[in-house]
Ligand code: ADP
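Shown here is one chain on its own, the form predicted alone, set out as C-alpha cells.
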C-alpha cells in the first residue's frame, strides 16, 4: 500500500487537481490511499470567517465562492458538498450566538476545508475513470485527545485505522481521506494544528503499514534552503529521519515538524515530491539517510522568533534553577526551541507567543527577565559536526564577513545541527551568506 498525501496547492486549482488524478492513476498498482488538505487559502478563509462570526457577522460566502469555483470547473454543483457548506454556516452561527470563537468551535469550522476537499477530489477521480470513495478521518478511526487546535491521536487509533484502511483498500477503490482532523472519544471534532495534514497522513500510513509515505507539494523535494530566499537552492536526494526532523522543526516549510515521528517508529520511508514534476525523484527520507554524507546538508530558518532571558544571581550554584523555569513554560504551554545556559542565566527562544505573557509574569519571580522580539533563528544541519573541524569556522566566518551578530548559539546533542539567533532584519542575509559559503552559488 502507498500513502499519498497532497497539500493545499495540489488541490488549489483545476490544473493541479487534474494532475493529482493522473499521479494517482499512475500509482494504481501500488494500492494508493490518498490524503488531502483543504484547497489552498481555504483554511485561512475559514479562520477569518470564525473571527468575523465572533464579532457577530455570519458569512460563509467567500468560502462557498472558492469551493463552487473549483466544483464548476469539473461540472459539479453545490449539491456535492451542500451538507458541509451548510454545516459550516451552522458552526459560524454557533460562534456568533456566543460572540466567542472558542478553540473547539474554531476546530469545527476549520475542519470543513478538508471535509469539502475529500468529497471534491474523490468525485473528480471517479469522473476521470479512477473509482474513489471519500472518508472523514474520524470515520476510519482517527480518535484524538481534546487539545483543540493541536490534538494528538490516541493510541487506540492505530488498530482502528489499520482495520478500516485495510478494508477500504481491499474494496478495489481508491480511498480519499481527510488530513488534519479527528474526533474526541465523545465525538467532538478536533484539528491536529496548522500543517497537521502531513502528520495525520504519516499516522495513517504508519498504522496501515504503508511501504512508503509520499508527501506531494509544490517544490521538488527538501531543498538546501528556502528557494524564496536562496534561488539557487538545490534538492537534497537523501536525508536521514534525524536530519529531516531538525530541518522541519527549525523552519523548513516542506514538512510539518511532527510528520517524521510515526514514520520513524515504523521504519517507513517518506518521500517528498512535486505535483507538477512527478517524474522528479524528490527527496527520500530514511532511518539511515546517506551514509556517505559529509559537511553541511541544509539551512533552515524561522522568522519572528522571540528570545526570553532569565538572569538570577540568587541561583548561583543552586539546584533546580532550570527545572523551575521550564515548569513555568510547561504550565503555560509555551513551546521552547533553543536553550542556552550559564550558571546564573537561561536564554531560550519561542516562535509562538500564546501563553507567553503569563509565563513572563511568573518568571519575574525567579529572576530578572528580558525579552527580545523579531529575531530570526537560523539552523545549519550538517553531518558529523563533532568530528568535522571545518563547518563551524566557516559558519562564523561567513556571518562575520556580512557583519551579522550571533545573539544566541546552540549546538545540538545529536551532532547534526548548529542553531543561531540573529537580528530579524538580517535573517535573509544570514541564510544567503551561509548558503554561499557552505554550498557555493551566486554572490
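All figures in this text were calculated on a predicted structure; none of them were measured in a lab. Positions refer to the first chain, counted from 1.
Keep in mind the form predicted in complex with the ligand is missing from the figure; the text below concerns it.
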For the ligand in the model of the complex, the stretch among 227 to 235, 147 to 155, 342 to 350, 288 to 296 with residues bearing a heavy atom within 4.5 Å is 227 to 235
Three residues, 24, 32 and 206; all within 4.5 Å of the ligand in the model of the complex via heavy atoms?
no
*For residue 253, is any heavy atom within 4.5 Å of the ligand in the model of the complex, or not?*
yes
At 4.5 Å between heavy atoms, is residue 223 in contact with the ligand in the model of the complex? yes
- Query: Quick one: does residue 217 come within 4.5 Å of the ligand in the model of the complex, counting heavy atoms only?
  - Reply: yes
Any of the heavy atoms of residue 9 lying within 4.5 Å of the ligand in the model of the complex? yes
